[in-house]
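First, one chain by itself: the form predicted alone, in structure tokens.
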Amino acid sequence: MKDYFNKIDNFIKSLDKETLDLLDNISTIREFKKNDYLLKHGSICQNSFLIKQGTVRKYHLFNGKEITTQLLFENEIAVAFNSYTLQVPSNEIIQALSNTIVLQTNYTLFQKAKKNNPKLLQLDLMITEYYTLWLENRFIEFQTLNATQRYLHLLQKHHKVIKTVPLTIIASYLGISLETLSRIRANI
């Protein structure tokens, strides 16, 4: 995954000035305070959010319970993929877990820009491929790793997670109860 992210990063760094200016014109820097919503349930995801600083989570509600599906950190993109792609109301919620700065790119403007710029079309495809790889890895983790292994894997990838994300959210992300997470933490 990291290799593919580096591939995207190198591609962006290789973009010509015209393409970079085009991206700059359709994007804005936004700041969100801790617990602010980047996207609320039922809203249409009209922006993608490249996290420049901070931590964000994606979650949905199931039987009144918050189920965290993704934790996102610096240089990752937060988007409710189904809502963004189909421009339909979102079942997901995107929330800042800390004071967060993002580069917000408007969906409609990006769609228009990529029609006239093959490099943006290629970037869009690369980001979609990255997200697909992430989903596949997450699915495999849930199928092959036990709760302790998933926790250790999360710590390995994002060691700051314990300092920035409440344990209830970490437990939800790992698909375990808070009590199970407490036992895991006590045993390592």
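From 1 onward, residues are counted along the sequence shown. If you're wondering where the values come from, they're calculated on a predicted model, not measured in any experiment.
Heads up, the form predicted in complex with the DNA isn't pictured, but that's what we're talking about next.
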> Thinking of Asn146, Pro166 and Arg183 as one candidate spot, does the DNA come within 4.5 Å of a heavy atom in every one of them in the predicted bound form?
Replying inline: yes
> Using a 4.5 Å heavy atom cut-off, which stretch among 146 to 154, 131 to 139, 25 to 33, 41 to 49 contacts the DNA in the predicted bound form?
Replying inline: 146 to 154
>> Contact with the DNA in the predicted bound form for Ile176, defined as at least one heavy atom pair within 4.5 Å: yes or no?
In response: yes
> Hey, in the predicted bound form, does Lys65 get a heavy atom within 4.5 angstroms of the DNA?
Replying inline: yes
